[in-house]
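Below you will find one chain, with nothing else, as structure tokens; this is the form predicted on its own, and questions on how it binds or moves follow later.
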């Protein structure tokens, strides 16, 4: 299997964390130059990462990939052991994906103060705050997002909370985690988990590369190499 992934992509990070936690090691990680050239859609119609390449073809979308991995490795599944637990895992993952990460991504263009539209920023950050409020009510109290062990809910939530902490303040609004009790406690504790820590290190590396210009240089080098190899 091959996973098309990038360090900073939270949707890719959730799949990587799932792979680490499930102990699946025979997966190659790659990010082709076509992604930087806006041509990933030639490979995957959705045109976004992550994409999992398997013998039968390609699988886009992080939640679909997560389901596929659970189906392939049922003994190592992180979905939960009962219908109730599985429902809560899916619920927390959905809150993280839709109400946190999706709104954060839509808000990121408002980071630039010169082009910022305050009404747009306020609308989207308000939705993030609303999602955080829902998460506060549903998140587990025992150090994990759901139940008493690591699940796919943690794999989705860890990258989402990274974005909340590291990028939302760039919009000149307070990190929404700070207004919570249960989410804040969870966030403090889960960062000590070995699989969460590994993914957070990768995302932090990706964020530093973007901020210090390393990512841009890597992109330019990848594009130049791709063009040089063309007949």
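Source: prediction; values computed, not measured. Numbering follows the first chain given and starts at 1.
This protein has a second form, the form predicted in complex with a further copy of the same chain, left out of what is shown; the following refers to that one.
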**OP:** Using heavy atoms only and a 4.5 Å cut-off, determine which of 33, 184, 173, 64 is in contact with a further copy of the same chain in the predicted bound form.
**Re:** 64
Subject >> 46, 27, 197, 179 - the one with a heavy atom within 4.5 Å of a further copy of the same chain in the predicted bound form >> reply: 46
Original post:
Out of 202 to 210, 48 to 56, 189 to 197, 160 to 168, where are the residues with a heavy atom within 4.5 Å of a further copy of the same chain in the predicted bound form?
Top reply: 48 to 56
Original post:
Looking in the predicted bound form, any heavy atom of residue 76 within 4.5 Å of a further copy of the same chain?
Top reply: no
**OP:** Although a further copy of the same chain is absent from this view, report whether residue 95 comes within 4.5 Å of it in the predicted bound form, heavy atoms only.
**Re:** yes
Subject >> residue 120, heavy atom within 4.5 angstroms of a further copy of the same chain in the predicted bound form >> reply: yes
**OP:** Examine residue 112 and determine whether its closest non-hydrogen atom to a further copy of the same chain in the predicted bound form is within 4.5 angstroms.
**Re:** no
**OP:** Note that a further copy of the same chain is not shown here; using its position in the predicted bound form, name the residues of 135 to 162 with a heavy atom within 4.5 Å of it, in sequence order.
**Re:** 137, 138
